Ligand code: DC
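Presented below, as structure tokens, is a lone chain in the form predicted alone.
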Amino acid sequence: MVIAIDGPGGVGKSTVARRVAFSRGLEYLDTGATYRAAALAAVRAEVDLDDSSAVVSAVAAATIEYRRGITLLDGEDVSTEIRTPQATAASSAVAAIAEVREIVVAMQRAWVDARDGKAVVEGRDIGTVVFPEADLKIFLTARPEVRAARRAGDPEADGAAVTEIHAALEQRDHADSTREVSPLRPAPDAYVIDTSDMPLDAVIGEVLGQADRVSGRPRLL
């Protein structure tokens, strides 16, 4: 079973995906981390991020791996480095390049294939592009102010004010939802959950309930 969890930043995708994966004994893939690693590859190659050909060449020459929550770039653990504000900004630009997405999506699909097609995968276009035939598609959302407050508590916020984070999220949302390639949007058959006023455990329970429904697994009373 492939469980696809999509949504913008600050809605709880990563935490929900990890917990759901643990509950079902599945591995979990953070596709955002793979794009961040691709961006870091371009930055390390010292190419102009506006030069799409150079960026594609740098990404194609890199080896990006994801193992049990650890992101590797050419064999080096870059899990912390890819969470800096600079890496976040670069990843948005790099991920908008169609050829980069082709490279990274191929890697993501190979990662799931290597696990016999059983995984929880989270990102922004999993249910629409990467795994349009996923067994279960979840789209998480939340009010902008809630998302900004949540992000303020993340290490990658680097002490930024909530208003600054709010503006950055709006900018990222606009870029992701209006790009020509793989825009951020719920799949037509996605189950949408607004996490704004829901405790984390309630969100996870909702997703697990949908997973049980799809798999035909009986729920325990």
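The first residue of the sequence shown is number 1, and the count goes up from there. Note that the coordinates shown come from a computational prediction; the quantities given were computed from them, not determined experimentally.
We do not show the form predicted in complex with the ligand, though everything after this point is about it.
With the ligand left out of view, the stretch that reaches within 4.5 Å of it through heavy atoms in the predicted bound form is, among 48-56, 64-72, 160-168, 33-41, 33-41. Put simply, R124 is close to the ligand in the predicted bound form: some heavy atom of it is within 4.5 Å. The shortest heavy atom separation between R150 and the ligand in the predicted bound form exceeds 4.5 Å. In the predicted bound form, the ligand stays beyond 4.5 Å of every heavy atom belonging to I138. Although the partner is absent here, A95 is a contact residue: one of its heavy atoms lies within 4.5 angstroms of the ligand in the predicted bound form. Contacts with the ligand in the predicted bound form, taken as any heavy atom within 4.5 Å, map within 78-111 to R83, S91, S92, A95, R101.
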